[in-house]
Each structure stands twice: as C-alpha cells, then as structure tokens.
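Provided below as structure tokens are two forms of one protein chain, presented individually as structure 1 and structure 2.
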Structure 1
C-alpha cells in the first residue's frame, strides 16, 4: 500500500505573506517534519496558475527561487525521501490532465466559483482570461494526479477542494476507480488540528482577505518585509470606533484579525489570547504588542532565510521532479485508457 499523500501549492506571483505561511505552508512543514514516515508530502509551486494574475515575467524565476527558499526557512526538510518539492510546469501531466478533465466539467459550475467571480470582475467580458475560468480544473488536476487525500489550504480555497472532490467522484462513477477522492474538508481540518480553514484579513480593509495581489501592500505582511515596516503596518491597521477589545469578526473585524495574528505569531492558543486582552480599552497599546511580536517573528524567519543554500534546493527539485513525473504520468495513463486514447 502506498502512503496517503498530503499536497499543497502556493503561487509565486509575489513574495509569500503571513496568510500563505500560516494557512498553507506551516501545516505542510509540520507534517513534513513529523509525519513523513506515514505520509508522502508534496509541496509545489503552481507556476502555471501564476499566469492567471499580474506577473512580473522578467523576475518570475527569482521570485520562484525566493519562495522555495522561504519553504526551507519555514523548516521544510530537504533530506527526507518522501518529501517532494517541485514546479507544476515541470510536470506536463498536470496540463494533460486538465485538458482531459475539461470534457467532464460544465461552464456553469466554473462560472459560479467565488474566486472566479471576484477576479473576473475587473475585466471587460471579452478579455476575462480563459485561464482564470479554468483555474479550478488545473487545481483539481494538481491534486488528482498524485491521489492526494489531504490538502492544507486557507479557507478561500475550500470551494476549489469541494469541486475537486466532485470531479473525482464524477469520473470514478463513469469509469471505475481512476482517482483517489480527497477526504471531505472537515476531515482534513481535523488532521491539521483546526476546526476550520484560516483566513487572515487585510490590515487596511479587514473585510477582504490578506492577499499578494492587493493594490497597495499596506494591508499585507510579506515574509520579506523589513521588520520595522511590518511594525508600522500593524500600528496603522484599521480597527473600529467601539473602543473595547472583543473577538467579534462581524462587528470588530480589524481587532479580531489582530487577535488571530497575535495568536499565530506567538504560538499561543487563540482563546488564551482572547481572554488576556478582552475588555481592554487601549487599541494603541494592544497594537504595540502585536506589532512587536510580528517584528520578532519576521526577524527570526529572515535570519534563517539568509542561511539557505540554493544549490541544495535545486538538487531537491531535480530529484523530486523525476519521481513526480512518474507518479503523475501513471494517473494520466489510467484516464487515457478509460477514455480510449490508449489501449
């Protein structure tokens, strides 16, 4: 029996931010450090997905390398056999599988995806990139190619996971056991010891998620921000006029977001953080505490980043990409046979 696969991808359109770090990267690193004997760990750069958003093409390779270095500074072990890091475009099976899946997926279901609706809204209808529309199909291919059961992602990607499960079940109903169906999202959260997916909010507009592609970078803490700049961003973050600290995402989204960030960077459980600060009335003092913790977190992270050996990363990529091509090609072949493309 092969091991169950845990898999996630993080686009490289920009440096990683703390939402990517706590929502996706850290759960993977924890698994890679502690569970690589029980699970196969796949962490990849969805470089083809990056093409769906604004991209500085000339610097794309260096952003990719930078993000890979961030994986390693976050603690990803490079010396374990069943931990793989790879680039999506180096495994052509992802693209092939996308084309094959396209015939079993409806335009309606893709146009109802929240991320598609949000991201397509800024384009004239004639110019909405087709890649934005088919983003979830490529994501399903990324997951199904390796038979992944667990996919640690932030809350914004839950809909894409449900879609992937639907597609896998649909194909299996038609052709027998072609794909491993990823576990229901609730079971996935249980494995990563969470009750739901994480969603860190933008510091300037806490009604939106923190994102790589925000118009201004004032609302986003990037892992390569200067620690002092991150301090300033927290101090300038939007709160509310109620004047009492409470964890209430609906009426105090800014303060609730800061409480969550403090819990994540200080590694103290959220309910403990809430009971320490609830009822306090100085937002300024509270922000200073959060800002100092974020600054310390970045200082530590960046000091390990500076020590990363790039050659070791390239060696690991090369090895991983050979194995990943073999695994993904097997899945594609199974579907090709079922579709009569191969005998």
Structure 2
C-alpha cells in the first residue's frame, strides 16, 4: 500500500434517515470525493458485525444493496481507483485474523467495554451472544488487516479504537512490525476536523436524537419515506407554547430542530436561516416552509436513487474485493508466519 489508509464502515442493516444522511453519509461521501488522491479509502460493509443485531436474514442482501445505492445516490464515487467498497464477509482474512488475535486478548479487557456492558444488559446472562462480547476483536481485525492509519469513529467507538491500538502494539512488541498501529484519537480528530455539528432530533421528542429505534416512526424521516408522508411528519412535529421562533435548544428544542433541518435540506447557513425567521410568530407557516423543503429534498434524492445502476455497484464490489483480499491476506500471512503457522 503506497498511500495511508482511511477505513470506515458503510451501514449494512437498518433503514437510513435524514440524520444518518447529514451526520454520517455526506461526510463519508465528501471524504471519498476529496481525499482519494492522498489516501486509500476503504469503505466496507460490516455484514458480520450486523449479525449481533436482529436481522431479516432472508432479505439481508437486498438491504445491503439498498443502503449502498443510497450512498451512491448521495455522491459516493465508484470511478475512483483508490476508493474501495467491499463486504466484510467476502474477505475471509477478517475472520481468520479475529481468531488469531483472540489468543492475545484477555476476557477482562473485553468485559470492560462500555458498549458490551450496555448491549449485553438486554439479554439473559446465559444468552448473551459471544459475537457481542468479541465485537471489538473483529473490529480490530477490520482495521489491522489493511494497515489503516485513520478510522473516523464516533465517541461511542473511541474505546474500541484505543483497544485496537493496544492490541497492535502488544503483538508488535512480541513479534516485530506485524501491524500498522492506527493513529491516536487526537490525530484522528485532527485529520477529520471532528466537530459534533448538527444532530437532527426526533420530531416527536426533540430531547432525543432522530433514530430508527424510536418508539414511533412519526419522529423519524427515513430516506425512503414518501415525500408527502415526510411533509405530514414535519407538520405534526412537537414545538412549544411560546409562540415565537427562536434558536434556543434549551427552551425551544423543537423549533431549534426545525431551523437546523431547514438549514441542512436547503443548504443555507444556519445563521442565515435563524436571521430570516427569528421573531416570527406563526409556527404553522414556518412548518409549511420546512415541510416543503424536506419533501423536495426527498423527491430529488429518491429520483437519483431510482437511476442508480446496480450492475455498476456489483462491478465495483467485485473489483474491490479482489484487491482487499490480496492486501488482507498479506497481513494475515505475516502474523501466521510469526506464530509458526506458516514457514
């Protein structure tokens, strides 16, 4: 690999909503469009990781393709040579490397992982999936297999990134330079200019972020919602009894959320949006403006989605997976040789 590697995951399951679009999908597309000349960009579909969640197994592949099409609709370039999209399960080295790493990782380390503690609490003690416990090991394999230096992760994944660094350093200390050690979190944030930015809130309960796991779909605008249904959701969104439009997340979270949504879908700066509507007293008229912009955004996005050539996506997957298998196999072989498993 002649270039440093940036690695990140493309969501394999779950329906994508506009919060995903503006918070994760667009930044990933921007990275692929603008950093591929300087970096190798690995965008992988974590289908093995998805097995820790409830899945519709029969339709899993169609969900993966649907989500890939959404990334392409948002501008993910398929024609750049150093942008790779690949399915995790199509690279056997991920699984092989996970098994090898297991011998150098303690159960205590994994049991202290915050995400494991939170997610395992949903299961009876005897039925906690082993894959949930070993999730960080597979994630380490995802990263180390390609010598990835940079991994744009959210705050909830920072602990896993530090874990990956610890494992890589541990094995390198034992056997020499087997792995590229990912950059420290501060350097990761410096490259990606980490900024929490705007996080779209639930339309019904604006104290929570928009999520596919909300109790009701009424608070979430999915990218595959009918545009008119999205319009209705905006019109029914929770506001307040103050009766004056202000950008104040503490006392007027619903109105503030709508101002942010309007800024994002209209591509106008937030301060300009606030200036235009500050002090107005008709929530109904304001909601109509936001609802119309969201409806138009979805119509344009879905029109682009319908034009995506699925064959082009599959061609990119197949070509990428050939290259990724070659790169990952070299890493696994280095460790196998160090462990005496290969001569």
Ligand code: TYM
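Residue numbers count along the first chain shown, from 1. By rigid core we mean the largest C-alpha set that fits within 1.5 Å across both forms. On a predicted model such as this, the values are computed, not experimentally measured, just so you know.
In this pair, structure 1 matches the form predicted in complex with tryptophanyl-5'AMP (TYM), whereas the other structure does not. Positional change of residue 238 between structure 1 and structure 2 reaches 2 Å or more at the C-alpha, relative to the superposed core. Superposition of the core reveals a Cα shift of 2 Å or more for residue 223 between structure 1 and structure 2.
Once the rigid core is overlaid between structure 1 and structure 2, residue 24 counts among the residues whose Cα shifts by 2 Å or more. Here the two forms are laid over each other by their core, and the C-alpha of residue 305 is off by 2.4 Å between structure 1 and structure 2. Taking the core as the fixed frame between structure 1 and structure 2, we note the C-alpha of residue 292 moving 7.0 angstrom.
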